[in-house]
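Only one chain is given next, in structure tokens, and it is the form predicted alone.
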Amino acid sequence: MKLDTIQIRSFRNIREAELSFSDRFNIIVGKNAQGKTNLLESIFLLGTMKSFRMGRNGDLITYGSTSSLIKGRGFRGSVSREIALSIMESGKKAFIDGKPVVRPSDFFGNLNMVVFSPEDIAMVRGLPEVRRRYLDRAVFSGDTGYLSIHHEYCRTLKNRNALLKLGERDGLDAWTERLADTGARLMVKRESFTDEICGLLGEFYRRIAGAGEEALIRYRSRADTPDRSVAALARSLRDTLEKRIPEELRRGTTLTGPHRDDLECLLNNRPLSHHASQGEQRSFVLALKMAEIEYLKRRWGNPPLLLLDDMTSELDRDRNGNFMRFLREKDMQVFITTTGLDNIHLSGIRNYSTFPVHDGRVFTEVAHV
């Protein structure tokens, strides 16, 4: 899976850019606040229709313009696709080979991506909602059907909360039943992903940080039953919801369900946020991203694109070197932002292109092959 070219118009501070990429390493270099992350973000949008940064659609459009356009040509095996995304304040419109995308399943999967940015460090030391966001995005990358289940759960939760805020019990049982059933399907998919990726996480953590430490993740759910089937989880969740209805009516919100679950990050069976150094936390998140890549490669038959935003500021020299050696062994396309080429271990890398960025203008230097 590779991104061959990209055209950008009126996206954040990038007014116009047309670039061709190396099929291995692409290094986006420049001082801070010049537009490096904006270029990386535009690539991510081509695969996901969403940004890895917070903001509204209007924030993505260059000041003074009414819309943005991002267009790229990607390859999945021998199949080529032109992917385009038009962004307006009112929403986004996607096109594949010039035709409007009607079903999300027609868009997703053409360019699978994994991104690592400084904000991801907040996942291990931040609030549970940050980890849930990561988990939902990661599960969806390998299972496009997850999106419809997630949307159904969110709609059901919204309707149930509306009744709770009004203090209404009429109709609450029906929404409770639906929330338990949908929530159970959501939890099964989350748990399946977590179980599958946990072993990969441990392997990649050892490769980045060295042997002797065990990295683990566990999905923490309030559905208390040893039977983790959909039916058993639905029963457990429904029972808990029904018991807490009086309290929920007082507080006006649903207190149990996947929207309150968490992803536990552990190093040597101790919580990462309390017992690990910043370097260990960063290595953990990076190893988790590498585990995602291997998971998606097995799932789709091709490795996803890897986007690394200011990676060198998040890893010490030894871990940076270990990680770059690991990437050299993988047949994947990589995009890296950095403030200087000296920050990246380029030794042994022959196939790469550099893209200097200054004040929203992106330049292409001679490719190294």
Partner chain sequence: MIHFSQSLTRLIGELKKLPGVGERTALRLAFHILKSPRLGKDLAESLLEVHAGVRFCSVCFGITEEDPCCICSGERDETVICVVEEPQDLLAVERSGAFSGRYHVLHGALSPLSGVMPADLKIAELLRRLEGSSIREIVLATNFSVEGEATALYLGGLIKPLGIKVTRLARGMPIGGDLEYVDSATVQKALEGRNEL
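Note that the structure is a prediction, hence the values are computed from the model and not measured. Positions refer to the first chain, counted from 1.
Only in words, not in the display: the form predicted together with its partner chain, which the text now covers.
With the partner omitted here, the residue from Glu191, Glu152, Asp261, Glu280 that has a non-hydrogen atom within 4.5 angstroms of its partner chain in the predicted complex is Glu152. Out of the listed residues Glu177, Glu119, Glu129, Glu203, Glu177 is the one that sits within 4.5 Å of its partner chain in the predicted complex by at least one heavy atom.
Taking the partner from the other structure, its partner chain in the predicted complex has a heavy atom within 4.5 Å of a heavy atom of Leu163. Contact check for Lys289: no non-hydrogen atom falls within 4.5 Å of its partner chain in the predicted complex. At a distance threshold of 4.5 angstroms between non-hydrogen atoms, Asp170 is in contact with its partner chain in the predicted complex. Contact annotation for Lys158: at least one heavy atom lies within 4.5 Å of its partner chain in the predicted complex.
Residues with any non-hydrogen atom within 4.5 angstroms of its partner chain in the predicted complex fall in just one of 182-190, 281-289, 85-93, 248-256: 182-190.
Although its partner chain is not shown here, in the predicted complex the stretch 99-127 places heavy atoms of Arg103, Ser105 within 4.5 Å of it, in sequence order.
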